[in-house]
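Heads up, the chain below is alone and in the form predicted on its own; it's given as C-alpha cells.
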Amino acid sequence: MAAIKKILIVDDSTSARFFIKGCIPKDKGYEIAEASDGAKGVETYKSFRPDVTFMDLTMPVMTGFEAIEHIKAIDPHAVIIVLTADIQAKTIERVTALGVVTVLKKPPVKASVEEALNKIQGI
C-alpha cells in the first residue's frame, strides 16, 4: 500500500474519537475526518476516500458491522481497523470475515495504533 495520507475515525463517542486521534502520530501530516455513526461513516467514506478507517462496532443508526459491509461493497480494497471493547473470538471472526485488517481493543494505546498503521503501510 502507498503511504497513508487520509484517516477516517468512525465512533459514536466524541471522547473515543478524540482519544483515537491522540494515538495517531502528529508528525506524519495525516488528514483526519470523523463520523459519529456507521451511516455517517459510509457517507464520509464515499466523499473523503480515506486510506485507513478506524471503525467502532456498537453505534446507533448503523452498526460498525453494517458500515463495514457497505464500505467493502463500495471499495473492496478498503483498509479498515476495528476498535472495540468486544474482543470475543466470535466478534473477531465475524469482522475478519468481513475483511478488516486488524482488531484493536478499546481503549487503544498509542503503540498499538502506530503498530497497526505501520503494518498497513507494509502491506
Partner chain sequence: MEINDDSTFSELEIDTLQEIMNIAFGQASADLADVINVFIVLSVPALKLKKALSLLEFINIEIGDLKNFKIIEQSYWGKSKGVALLAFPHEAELELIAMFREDTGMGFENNMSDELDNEMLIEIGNILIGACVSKMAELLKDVVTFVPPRVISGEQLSEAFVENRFEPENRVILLKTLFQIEGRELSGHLFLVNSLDSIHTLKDALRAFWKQYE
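Just so we're clear, the structure is a prediction, and the values are computed from it rather than from any experiment. Positions refer to the first chain, counted from 1.
Heads up, the form predicted together with its partner chain isn't pictured, but that's what we're talking about next.
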Given 32 to 40, 90 to 98, 74 to 82, 46 to 54, the stretch touching its partner chain in the predicted complex at heavy atoms within 4.5 Å is 90 to 98
Is it the case that residue 104, even though its partner is missing from this view, gets within 4.5 Å of its partner chain in the predicted complex, heavy atoms only? no
is_contact(residue 68, its partner chain) in the predicted complex, heavy atom dist at most 4.5 Å: no
So in the predicted complex, is its partner chain close enough to residue 25 to count as touching (4.5 Å, heavy atoms)? no
Looking at the partner-bound form in the predicted complex, is residue 112 within 4.5 Å of its partner chain by any heavy atom? no
Give, in sequence order, every residue of 13 to 50 that has a heavy atom within 4.5 Å of its partner chain in the predicted complex, or say none if there are no such residues. 13, 14, 15, 16, 18, 19, 22, 23
